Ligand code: BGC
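Just the one chain here, the form predicted alone, laid out as structure tokens.
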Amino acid sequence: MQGFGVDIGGSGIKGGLVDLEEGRLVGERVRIDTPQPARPEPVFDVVTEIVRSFDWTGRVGVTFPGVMKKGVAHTAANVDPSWIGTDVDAGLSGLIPGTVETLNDADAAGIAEMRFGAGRDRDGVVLMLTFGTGIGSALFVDGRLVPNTEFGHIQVDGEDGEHRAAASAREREDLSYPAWAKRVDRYLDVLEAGLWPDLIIVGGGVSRKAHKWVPLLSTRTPVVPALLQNTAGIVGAALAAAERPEAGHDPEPVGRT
């Protein structure tokens, strides 16, 4: 069974066909640079171009880097503020054949990791964190998603946690991995004090170099790198669209096979 997912990011918009049984891309993904400024209409045009390039007419899952409630964007911390209040579902549904399901980008990545990756078959409280321009988060309790957690914006020593601990902070300040790991450690300490998770999965591009910083962390909670890496958003979006529950029915836990 196949699905289709599109992952909207600050620098690029990626999409492709997904094998929903194995959690992998079918063929190559298509990536197009995100229009700048990244306002809704030009981004909608790029998403439409990607979907049409595959001649896909079924359900489409689309991620957005902000809080998504019933298809509407409520935050836009790292993209153009004109997204706030935009009905993303409606905007895309008018351009793309088939049903559109939108969700937070970190939630999508977490769904993929819980079904096919590092969180597979894990019970308890599992926290997925994506380190990039900001810090995205996805929280699961016994395999069920608690959406739109936005833990990147928790206060750590008087400022947003992502301001000091995101991957962009390491690049911006030219920090070594050991120096940056100390900041991540402090950020995780604050999260642990409030959540007491059983497992933390770290994703984003920096997860490819997990061996340089994850072993330096001193947190109580086991920390493991994400397995799907850059495909997680596309896979999770496609999965969310394909398994969208009908009204009145609760979704099954995502971390089950």
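All figures in this text were calculated on a predicted structure; none of them were measured in a lab. We number the residues from 1 along the sequence you see.
The protein also exists as the form predicted in complex with the ligand; that form is not presented, and the subsequent description refers to it.
Original post:
For the chain seen here without its partner, which of 84 to 92, 117 to 125, 145 to 153, 174 to 182 has a heavy atom within 4.5 Å of the ligand in the model of the complex?
Top reply: Of the options given, it is 145 to 153.
**OP:** Report whether the minimum heavy atom distance between V67 and the ligand in the model of the complex is within 4.5 Å.
**Re:** Close contact exists here: in the model of the complex, V67 approaches the ligand to within 4.5 Å, heavy atoms only.
Subject >> Close approach of A77 to the ligand in the model of the complex, 4.5 Å, heavy atom >> reply: The answer is yes: A77 has a heavy atom within 4.5 Å of the ligand.
Original post:
So in the model of the complex, does any heavy atom of G161 sit within 4.5 Å of the ligand?
Top reply: No, no contact at 4.5 Å.
**OP:** Report yes if any heavy atom of E101 sits within 4.5 Å of a heavy atom of the ligand in the model of the complex; otherwise report no.
**Re:** Answer no; every heavy atom of E101 is more than 4.5 Å from the ligand in the model of the complex.
Original post:
Can you name the residues of 125 to 150 that have a heavy atom within 4.5 Å of the ligand in the model of the complex?
Top reply: If the 4.5 Å heavy-atom criterion is applied to the ligand in the model of the complex, 125 to 150 yields T130, G134, I135, G136, E150.
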